[in-house]
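Below sits a lone chain in C-alpha cells, taken as the form predicted alone.
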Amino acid sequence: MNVSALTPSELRSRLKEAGIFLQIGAFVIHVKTSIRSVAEGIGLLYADYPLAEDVGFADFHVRLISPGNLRRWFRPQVLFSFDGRIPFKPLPLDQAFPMLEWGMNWCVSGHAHQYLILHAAVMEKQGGSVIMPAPPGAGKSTLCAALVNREWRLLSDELALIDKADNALVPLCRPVSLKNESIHVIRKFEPDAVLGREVRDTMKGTVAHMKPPAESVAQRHVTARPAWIVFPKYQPGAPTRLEPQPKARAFMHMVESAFNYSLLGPQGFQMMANLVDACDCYEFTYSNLDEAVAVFADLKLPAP
C-alpha cells in the first residue's frame, strides 16, 4: 500500500499514534509526529512511496516533536529525535518538514557506512548515471530537478550511495530540495512539477521540495552504472560549457565531497579510484536550463 492510499486524516492519525514505516530505497524509515505540516508534506511529496509493514524493525526511527515547555505556545519550535536522542538544536515549528528532510539526510550520511557516501545528485538515463557533486549555491539541485523532469531517473538529489560489492549506484530517491530563486526557476521550467509549501527564513533561505517522478520511485531498488561525473556551476549570463576534467583533479574533488571516505580507509580509496576510472569527468557551467538539458541529452556512454 502506498502513502496515497491513506486519506489526510488517516495519515495524520497513523503518524501521531504508531507512526508510519516508509520504504525509501534500501532503507526503512519509521516516522512519527503529530505536527500537521509534516503530515501534509509526506502526503503530498511521498504519495507514491510504499508503506512497509510494521514488523518492529526500521533502519532509522525518527520523530518530529514540539518541546514540552513554554515554547509550545510562545514562538513554537520543533525537535528532531533519532532513536530517542535529540542530535540538533530546535528550529521554528514552521520548518518542521524541511527539518525532517535534513534529518533523514543526516541519518543516512552519518550511519550507512555499508556504502561510500558522497554529497552529490545522481540521475540515470538509458543505462548510464551522472554523479553531480557540488557545494551549496552551485545549482546542483536546480539542474537535477530540471533533468528529472526531462526523462532522467532520479536516484538522489543529495546523497550518492556507492555499493562496496560492485561500485553500483544505489537509489535513495526522495524529494528534491530547492532554494530561493531556484524554486521559481523550476516552476517556470516545468509548470506541472509538484512542489510543497515554501518555507521562509531557514538557515538556507526559502526552501521548497519537489515531488520525485512516480517512475523514479517505482524503480527505487534498481541500481545504476556510473558513467559520468559532472561538477556543475550556475553562473548568471554565462554560456553553456561542458569541459573535460582530468581524472586526478576529479578524484580530489570527489574526496572533498565524500562523507565517509576516510572512515573506509584503503577500501574507500580503492572504491573512489574505481568510480573515477569508470566515468568520464567534466566541469559544467550553465545559466540556461534548456541548453543545459540539451547538453546532458548528448552525453555518450563511456566504453565499458
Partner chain sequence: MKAAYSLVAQVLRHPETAVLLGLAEWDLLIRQARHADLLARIYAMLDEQGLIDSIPAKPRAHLESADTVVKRHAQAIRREVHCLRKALATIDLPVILLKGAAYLMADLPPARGRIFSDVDILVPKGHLNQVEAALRLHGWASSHHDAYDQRYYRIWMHELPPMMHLKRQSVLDVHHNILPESARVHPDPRKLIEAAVPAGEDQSVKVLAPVDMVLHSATHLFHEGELEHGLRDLADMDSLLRYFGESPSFWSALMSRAQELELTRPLFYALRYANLVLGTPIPESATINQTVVRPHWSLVAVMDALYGRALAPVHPSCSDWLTGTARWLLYVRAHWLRMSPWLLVHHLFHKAFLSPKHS
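Keep in mind that what you see is a predicted model, and the values were worked out from it rather than measured. Positions refer to the first chain, counted from 1.
Omitted from view is the form predicted together with the partner chain, to which the following refers.
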Since only the chain is shown here, I'm wondering whether residue 189 would be in contact with the partner chain in the model of the complex (any heavy atom pair within 4.5 Å). no
Proximity of residue 57 to the partner chain in the model of the complex, heavy atoms at 4.5 Å: yes
Is residue 75 near the partner chain? Define near as a heavy atom within 4.5 Å, in the model of the complex. no
Quick check on residue 201: any heavy atom within 4.5 Å of the partner chain in the model of the complex? no
Which of 93 to 101, 106 to 114, 207 to 215, 140 to 148 sits within 4.5 Å of the partner chain in the model of the complex, heavy atom basis: 106 to 114
Name the single residue among 228, 152, 82, 234 that comes within 4.5 Å of the partner chain in the model of the complex, judging by heavy atoms. 82
Name the single residue among 242, 35, 26, 44 that comes within 4.5 Å of the partner chain in the model of the complex, judging by heavy atoms. 26
Cα-Cα shift for residue 54 and residue 87, closer or farther in the model of the complex, minimum 3 Å: farther
In the model of the complex, shift in Cα separation for residue 86 relative to residue 54, 3 Å or more: farther
